[in-house]
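Shown below, as structure tokens, is a lone chain in the form predicted on its own; questions about how it binds or moves come after it.
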């Protein structure tokens, strides 16, 4: 299908999904929400920060690739790596010292809703979903203010053993403190120099410093857990995110095993209330391989229907479930990387017993679907095209306030680069007799073991912001899929 036809397909899918979204009764979204302190860093900022620390230490840390941020040197090393590779990264810090150092030396530009669940909750309510039930285990008064003021957005609370749904500003715990993440955004073309090393940033992206104080737990009060099935009349789907907050060991002697078990129990309770509910997990960068594997093998596998990932996250997932060689091929920079990405998505679908694996990459999406999924391929295709338009709007405007705003994304052209990358995958699939070129160009492919939808997407050359784009893609595609199923 030529680019002009893909443009037309985007427009038709947007109108179709816009009409069907009101059929979705509601969504349950948990767990991670925080306040994002956003800074768009400049070449001058980088030069200034490098002067504040020992240059040799930075070079050593860049080589050793710190997995968490304990010092300013750790921060600068991971920032340099992210800028050099042009890839998004999320790195945890378990101390408030980094926040204080950044406040002293790199004042943020603005603050906004952060965390996958928080961002997704606001996205869904702005799309006009009738009811969005958000749950944040550490909801503070400051955090509550960053949620949309819509009456359609509610948070569950237990009062006198009764389940109530109130707006977050009426549901927070006054004893809780806010959790603040730093989002360091950088632009394509920036020149970075440290010592004898220098490079040019290959693409717009960001580094997230994820604050994980010891009181952060992926958990739910017992009384609320017991009453989860009562939400059955209010939700058709659930989007769960934030499992990366789980730690191997806690100060009170508990371990990740306990919190993994609790996370699974919550999913099972949601299913008790509605056997037709669809559960989507939004994956993210998780440096701890033990936790990464436990999330995939013990939470996602068999308990979840859908998984959303970007290219790097696909590689990370493959790496811990026994496909190391394929994982390296996914992040390789040669033309075979897109083939490895497709094959990796297929492995994840079958290994984790999923209905759907949605991979979003710059310029294209690949969605691998089980043969027994109740929605046809055209429905999945419309959902992905809608998500592409939604993401383009998010990148263009920086925020979305209503479903009508999403039409702005239709003005963004479909990526020629993404379209050309897909041609490489198309030739591979045809050569392997997986599909005909006609089927590939249509974007819908049926194989004996799985189905696939592959589309080129709209890309904004100079995005207002990159934060929240991946969340818009996954949430938009998933809720659009539910709307098509209705």
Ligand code: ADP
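What you see is a predicted model, and the numbers here were worked out from it, not measured in a lab. Residue numbers count along the first chain shown, from 1.
The form predicted in complex with this ligand exists for this protein as well; it is not shown, and the discussion that follows is about that form.
Only one segment in the set 457 to 465, 42 to 50, 431 to 439, 55 to 63 has any non-hydrogen atom within 4.5 angstroms of this ligand in the model of the complex, and it is 457 to 465.
Note on contacts: among 360, 278, 380, 123, the single residue with a heavy atom within 4.5 Å of this ligand in the model of the complex is 360. When you look in the model of the complex, the only residue of 310, 74, 343, 185 with a non-hydrogen atom within 4.5 Å of this ligand is 310. By the 4.5 Å heavy atom rule, the three marked residues 300, 348 and 352 all fail to count as contacting this ligand in the model of the complex. Although the partner is absent here, residue 13 sits far enough away that none of its heavy atoms falls within 4.5 Å of this ligand in the model of the complex.
Of the heavy atoms in residue 135, none are within 4.5 Å of this ligand in the model of the complex. Among heavy atoms of residue 391, some come within 4.5 Å of this ligand in the model of the complex.
Although the partner is absent here, residue 356 lies well away from this ligand in the model of the complex, with no heavy atom inside 4.5 Å. Annotation for 466 to 486: interface residues with this ligand in the model of the complex are 466, 467, 468, 469, 470, 471, 473 [heavy atom within 4.5 Å].
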